[in-house]
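One protein chain, two forms: both are listed below as structure tokens, the first as structure 1 and the second as structure 2.
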Structure 1
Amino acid sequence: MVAMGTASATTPPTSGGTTAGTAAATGDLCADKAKNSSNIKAIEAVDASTVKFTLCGPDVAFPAKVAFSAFQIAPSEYLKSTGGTGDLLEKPVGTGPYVLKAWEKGSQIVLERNDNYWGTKALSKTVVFKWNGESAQRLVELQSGNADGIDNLGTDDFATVEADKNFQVKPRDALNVFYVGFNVDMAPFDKPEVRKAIALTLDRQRLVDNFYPKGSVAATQFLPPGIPGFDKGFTDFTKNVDEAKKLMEQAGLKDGVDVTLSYRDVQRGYLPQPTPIATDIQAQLAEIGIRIKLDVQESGTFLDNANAGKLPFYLLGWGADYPDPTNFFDYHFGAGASPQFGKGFDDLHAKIQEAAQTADPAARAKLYQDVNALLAEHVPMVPVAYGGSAVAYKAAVKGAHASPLSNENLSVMGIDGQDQFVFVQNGEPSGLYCADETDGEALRVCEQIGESLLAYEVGGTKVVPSLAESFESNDALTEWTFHLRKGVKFSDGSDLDATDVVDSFTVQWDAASPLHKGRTGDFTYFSALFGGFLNPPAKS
């Protein structure tokens, strides 16, 4: 990826943690992409409780983005004292309903109620996060009474759990998409006929019927329903094997072709059973002579390879971070996207950029219809399914819910007469400084401890006030002002003020900041959501 070391060495370190004043003073930061590749022009503290963001171009989704848990506010002093890494990764300080009590590596994370919380106090005195990668194991934890809630109920366990009076199942809306991806620069997928043939052969309904839990839907386009911009009347491909065979013939592959399909054996909402699904796709595509060899890769290696454009044919998906089409289209098919699908398509780049800067919902919807049509024409991937998933709780749990963004709020849940609430999720977080995490397992824990300027409503996607009581923007949607809530205290006892907000964002924004370290230094979400960094490191 990017060479962090060299970047910090060649750029003079900015004084302290606050670069906002400096940044705003250096003139037009929007003109030079080498100086600032992001869409942010300035982040300023107007007064102790007001923060103003100035953007280069309009961004309709700005409030939805700052509500995301990667942009939680940490105390400015704590960021400086930890140097932006180290303790920051394992002992997060936030304003949320819970504070971290202990992280026993490899076994559990224990949170304790924050009695100074500004909002409604949490129901349970302690929350314990545990993890297990096997859905059958999680179910055993629930059935044996060790767990009060478990994430991602197994596809084949729905009937058992729903029939049991001791449990309740909360389905999670399918706010994700699972797709079969191609690198359109690599043979044989450089031939549009082959990609189209695969799209016409896949029986998406059969995959959903057999391998997805209740609440899942066969895909008709890249955007899942529930994200604005989803076009109800549009279906990209209808199964037609005869047509597909003709296309294969046109591509000169009448006798078929041998290909390798890569995937990772990791359960996700969009991919509940990786190997059976891969095996079924293998069986389906054999019908048009595509002979597939399955290649299971380790999760991290797989993602790195996909992002580097090294995989010709792979299974991947995307879950919504915030409910806006930019989160889906820009990240995958925008001009700044990774070479995951090859070098990209210019007409697609242009439409996606135009849509992101259009504020009028009707005009925007029209543009996204064009994007859908272009995707069906170029076929850089075949969307297969919107995967529903579910969280199962004991029947006695009050406030039980499932969030479509997978950020269940445990502070509103509890069992009468029970101090402790145990939640078993799929995996252990890699770190708890969520600015530099992308894994939902880390983000869910962060959600309990920290807070962002705004938040998503409990169990929904609507943006609601959080640390900022209110916000407004100018008509051009380029200046956003947030008014902070008064009297909010961090778990280390310090007060929340505008400097904390400015620093929490600037540490991520300014790649030359000495505090821009994190766990990996990638700050993937900031870059993906706001277009890049200030003082971006030279691309290697």
Structure 2
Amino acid sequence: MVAMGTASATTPPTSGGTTAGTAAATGDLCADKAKNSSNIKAIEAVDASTVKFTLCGPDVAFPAKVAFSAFQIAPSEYLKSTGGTGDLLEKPVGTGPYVLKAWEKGSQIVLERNDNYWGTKALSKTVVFKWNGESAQRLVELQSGNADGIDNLGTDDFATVEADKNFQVKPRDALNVFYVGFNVDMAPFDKPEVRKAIALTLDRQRLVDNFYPKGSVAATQFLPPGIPGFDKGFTDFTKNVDEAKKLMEQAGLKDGVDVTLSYRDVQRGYLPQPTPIATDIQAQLAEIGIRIKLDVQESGTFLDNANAGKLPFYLLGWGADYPDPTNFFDYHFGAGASPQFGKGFDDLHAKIQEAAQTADPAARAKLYQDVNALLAEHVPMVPVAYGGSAVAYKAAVKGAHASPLSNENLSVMGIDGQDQFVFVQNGEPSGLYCADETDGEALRVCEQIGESLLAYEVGGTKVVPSLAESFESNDALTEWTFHLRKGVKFSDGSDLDATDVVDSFTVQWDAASPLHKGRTGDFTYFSALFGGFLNPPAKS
């Protein structure tokens, strides 16, 4: 990160008729929340290689946010020609080390090396993504030689792979959380007594001991250790079944209640054995009269339903996209969050916003202690575990690594004498326009093809230059200016310029834009991390 100074003055944007040009010229968009619920006031092309973001309030984590793959830059012309949908969803055009060759639905995604890449050329000529939801089958692919690397080594497979000199294991830091979620606007979870009763009944340590690999820890709060803001002295709930039964009685449910628990049977770092864990939770909650019917949904459908607030009771989790509390708290519980937990809580919104705008680390930590207390009071979810995980590779793989952000960079990996590199992950992406995707399986593929203004170092969390070779902010952290790298071309041969950056952000920011479409049109990351949208849609 460069030293922060005073941002240079701007001239009127040249964004080809995008909303950004209008927004910058219409006065204070921050005063009218009905017009602009986001923390962004303007996005401007200062000149062909300079972009300026003006915010309504400070944002300490702004560089870490814009480095994330949901904010990759696409050619302005491609956004317009696809109408924000169509080919854009399955045929991404980016500036990254690989280009998409083929997506064979249900089978594989094939990438080819981008020989015109501005940076270090990829080691492997071809990368093939395959997927399998069963960890045992992923291991078979590795042992048979059909895969060069596999994600999320199975709970019982660590010792086997570590003892085999033909393989190497790369542990991944547990920067994640698995939680039991509620839509607090849906019965019976609209009763806080029911939510607290569940929190007091779940034996989190039992779940970790029985179903999680080494390196996993029972959760004490939503934020995992290793993320700034984690409160070592805080525990939200301690198991107390007798108290839980009293709360059920207070809720008028002395005789129990029938509910449906939804989940996807896809292994994740935070949820290594979905069905066994769901079944154990079913057995635990039967002790207080909660009779559970398990509902397994297809992965993409499940995530879409959760983001739309359609699931009353469900199992989900989160892995860090960048190492800051805003990635966990703002995304899930902030004013711009999706309705997965219901309409949200005003006091929680206010405290999260205050923390996000506070630069002093000690003051910020105190605010996040208050956020923890509010989450324990409202109980929109019950954090269960921080899951340890690992990526396994053939011993011959050079550049093998596991990213704590689960964004392994396949361009730095390869095997001498081998043109192709095969990586088996947990599931198939729902789409490859990652501005409108939330699943790590999609994001990992996007990260090989596209790039954002900034990036995270390979195998780490430090923010480093990418399409922007430098940036600076004003002292108030409300103006951020990025200077683009010269000579960068997209895979379609077009040149990167500031208009591409402005339009890539604006089609997400402006909900009234004709290009604000995507696969679902949710653009969940943008809304959650930047507080909302310009011209926000009416809430149902």
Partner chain sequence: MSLDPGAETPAEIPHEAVTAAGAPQRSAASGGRGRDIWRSVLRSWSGRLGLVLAVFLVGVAVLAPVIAPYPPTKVLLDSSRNERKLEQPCVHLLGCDSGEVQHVMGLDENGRDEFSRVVYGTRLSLLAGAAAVILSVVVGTILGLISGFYGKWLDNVLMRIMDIILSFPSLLLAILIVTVLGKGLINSILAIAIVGVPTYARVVRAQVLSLKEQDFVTADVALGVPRGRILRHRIFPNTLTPLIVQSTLGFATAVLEIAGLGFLGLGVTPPTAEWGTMIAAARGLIFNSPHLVFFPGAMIFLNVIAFNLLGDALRDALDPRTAGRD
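One-based numbering along structure 1's sequence throughout. Keep in mind that this is a model prediction, so the values were computed, not measured. The term rigid core refers to the maximal set of C-alpha atoms that superpose within 1.5 Å between the two forms.
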Worksheet item: Here are two forms of the same chain; which is the form predicted in complex with the partner chain?
Response: 1
Practice prompt. Enter the domain rotation angle in ° for the smaller rigid part relative to the larger one between the two structures.
Written response: 17
Fill in: For G181, CA displacement between the two structures after the core is overlaid, in Å
5.0
